[in-house]
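Subsequent text provides structure tokens for two forms of one protein chain, presented individually as structure 1 and structure 2.
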Structure 1
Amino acid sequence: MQDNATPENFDVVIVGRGPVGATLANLLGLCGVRTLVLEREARAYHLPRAVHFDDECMRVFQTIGLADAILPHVILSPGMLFLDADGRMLLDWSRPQTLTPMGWHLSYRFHQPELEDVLIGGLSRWPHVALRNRCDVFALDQDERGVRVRYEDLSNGKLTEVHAAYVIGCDGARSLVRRFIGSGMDDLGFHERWLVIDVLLKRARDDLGDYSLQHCDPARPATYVRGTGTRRRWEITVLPDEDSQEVAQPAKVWNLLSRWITPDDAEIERAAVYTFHSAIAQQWRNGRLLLAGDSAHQTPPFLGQGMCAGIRDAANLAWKLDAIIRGGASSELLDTYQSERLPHVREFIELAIRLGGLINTKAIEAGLAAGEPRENAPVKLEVKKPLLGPGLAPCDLPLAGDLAPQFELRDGSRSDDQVGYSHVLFVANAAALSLRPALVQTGLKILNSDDAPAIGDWLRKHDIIAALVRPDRYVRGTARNEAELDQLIAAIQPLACVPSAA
């Protein structure tokens, strides 16, 4: 099998080096977890795929110390407009151009190869994180001690095995890890062929605009997306009687694009037919094997939340793995991963399906019902991020399962940078903690109104005196009074073993 008799040992093996796998590896690197990333391909895919991420994703990129490196590669999105066949606006999904409570803008456009370059480059900062390309995993065997991972080095045909405490499948919709888990898929009912066309403009076409446009045309629904630089994308429905190969031929592509651009305006970078799916894995974990990203869920692209969902998976999962591997927490902590993430991602997928129905004019009323009607104006859409499903946060407490904001501290720094990828206790009054020596023993990071006045404002708004926030920035627990504060502090003790390595 291999020259050395004893396989290498890692805490975590990640199968797949896309944005989700690379983000997870950076988070584990930040924690000090010994991690191996195995990727079948030699290099990152060079053509566009995902084109949008949100403020919560950028907050994760901030956590792993790569936001500043990513910023030069993104542009802000003004939002999305839904137009009928005559060009009249049906639904207005404009995005505010101010910072959100996350500390970032609500919507960013990007070119996936550039993002992947930054995320993969970031792995070199962690001596305990290894990346091996052209490695094709073919077998996973787990027992009570760990997982035996066998793979082929495609560069030389050598078969190798390593040992890991956990294996995370970030290996896409056709996930090998999901097959070893034995999970079926829950079908949410959306499966449609769309022709995805990426072009590079040869000359300025400012008239195309910065908004994404959903052309809700019964004859041929279509989407336009402004990309970074000269990149523009159209996604056009493939009709039932059309052949997938024929519709992607250049002559047909230019015919379909003719209402917007001609070959004088742009060159085609890629034209391919994709089937957009809506499905969620029934089982995200089997013992030491887990799923994240497209291996766990697939969504139609109409909300731009596909990659975002995977980044949230990574942020939820990494600190829990760290708590178990380095902190001595029970492996039962991983039982909260699917229970928290699945309802969250399902809500986003269901909204994407409703908007897909609107674009296809098959379910206009259902699509418009997702927004807020306005007199003599198009329906206004504002998407509120879902709450986490049941897990660590008691459901009867204020803010349970909700995202905590990021605060600007008095010295001008951001609270996440002070906290790192760690738990933090936000309190209105630091004096209230001086009589609680048990809190000091936890080593937990604490921020109060003296650090940032907005912390007190936020706590008062929700009628609480303290909030415990997890490394993924979701609220772990809150206290409305002194008695509940004592209970919250008592619950902190098992979490003290999850320090930030930032």
Structure 2
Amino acid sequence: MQDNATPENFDVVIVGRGPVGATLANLLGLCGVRTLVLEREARAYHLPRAVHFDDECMRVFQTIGLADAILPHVILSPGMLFLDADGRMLLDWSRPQTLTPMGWHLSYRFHQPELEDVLIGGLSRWPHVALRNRCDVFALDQDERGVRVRYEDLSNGKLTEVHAAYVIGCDGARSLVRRFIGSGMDDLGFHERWLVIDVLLKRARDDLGDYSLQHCDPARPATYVRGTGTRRRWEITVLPDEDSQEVAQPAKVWNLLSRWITPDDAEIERAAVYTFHSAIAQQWRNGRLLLAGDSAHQTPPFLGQGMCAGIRDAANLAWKLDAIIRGGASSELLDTYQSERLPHVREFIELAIRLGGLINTKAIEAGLAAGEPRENAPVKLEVKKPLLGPGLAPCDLPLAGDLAPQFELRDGSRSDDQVGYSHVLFVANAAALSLRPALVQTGLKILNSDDAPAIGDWLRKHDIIAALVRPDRYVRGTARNEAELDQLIAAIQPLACVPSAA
């Protein structure tokens, strides 16, 4: 071990700069938290992975000021259709092409390495955030004062140690941080090998279509996804007697693709066999060590929600870390992280498993039961976002655990841009607050019906006169009357206000 007289100190060390680590680092950068990101690899992961993210993720990217940089790399998705072996539609998961209450579209297609490049590029805006590539973390020792993080710089073999108040393991499915936390995994039962193939079209093949297609064919279940640009994706089940290496050889790949496409149409960009797992870590935190992203949960990709769940983890966690590190809040705040996030991600994973049962035709009825039956039409699927699990919001109040909408304000700006990564109080009647000086002292941002009539409409729809919304846009508390508004205000700690990145 190198003789480090005074190891560098950071508030937070993030292990791994995949999409979750990079998003978390941007959020902490926005907060002003001194952060070091340590990444084993020199560049972004080279094999095909995520192709879809949702409106809530885009809202997080908006928060970190990178939505405009991401938009040129995405296309809108019309949705996903599930077809039986004869091509008949079983389930219709079309997505509306209008903006959702999040202020973005419900479904974006993208290429994960391009998104990661934007997220990593965004880190250079924060002088207090450092990224060190080719640094392999191998040991973590924590005590009541902090965590000693030891890593090897793979470019020269040098061993280094740094100290941090908190370490976040965004280090993927085989997480080292999870091992140091000592957490086991709850296995949700889905494990299947799938061959994932990305091709680049050499000529137009508009007939392949823009919808994602799930071929629920008992002989060989398969997925088609239209990617961005000329990229097209097929995910094809690997049969039990097939060898993972052999099935990914070009001749075999073209043979499997021959139903849809030939070498005259496209070239293979990448082909790799993945085992899709469904698992959730039992313990997301041990003292100063925490997990986020694939280190905490893994899902089959049928809903396109694996990375999205990790982005939500980051948005839930960063403001809590900031409140503790810079705002003096109790570290007990971190106990709400797993309690809120785990039930939410579990619901998505369970739905992905149900849809997996429809695709592999092993549990067709259960899969179809996830949607709404219609007369003379395929079952219609609409995926409602789960609520946060128990945490900061009292469960008996309206909107507990739900996301607040993003409002377009009278001046043409959007509420998230005005609020930044901070708490905001939405109130129907601004005059009601003038008699509450305690509120002024908190420095809390306040928006009311005069800023956007839709704020009043939303509050009235839920029979409330005010809603306190957290930096991750989830409702922290609501008030149905003046007495509850007083309680809500009394409960507001001095809240760290973070500027907008827009």
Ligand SMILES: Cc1cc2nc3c(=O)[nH]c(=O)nc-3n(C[C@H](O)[C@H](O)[C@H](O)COP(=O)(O)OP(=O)(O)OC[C@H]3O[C@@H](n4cnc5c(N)ncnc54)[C@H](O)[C@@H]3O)c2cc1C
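Here the structure is a predicted model, which is why all the values come from computation and not from measurement. Throughout, residue numbering runs from 1 along the sequence of structure 1. C-alpha atoms forming the largest set that superposes within 1.5 Å between two forms make up the rigid core.
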Given that just one of these two is the form predicted in complex with the ligand, which number is it? 2
With both forms fit on the core, has Ala69 moved 2 Å or more by CA between the two structures? no
I want to check Gly456: does it shift between the two structures by 2 Å or more at the Cα, with the core superposed? no
Align on the rigid core first, then pass along the CA displacement of Pro48 between the two structures in angstrom. 3.1
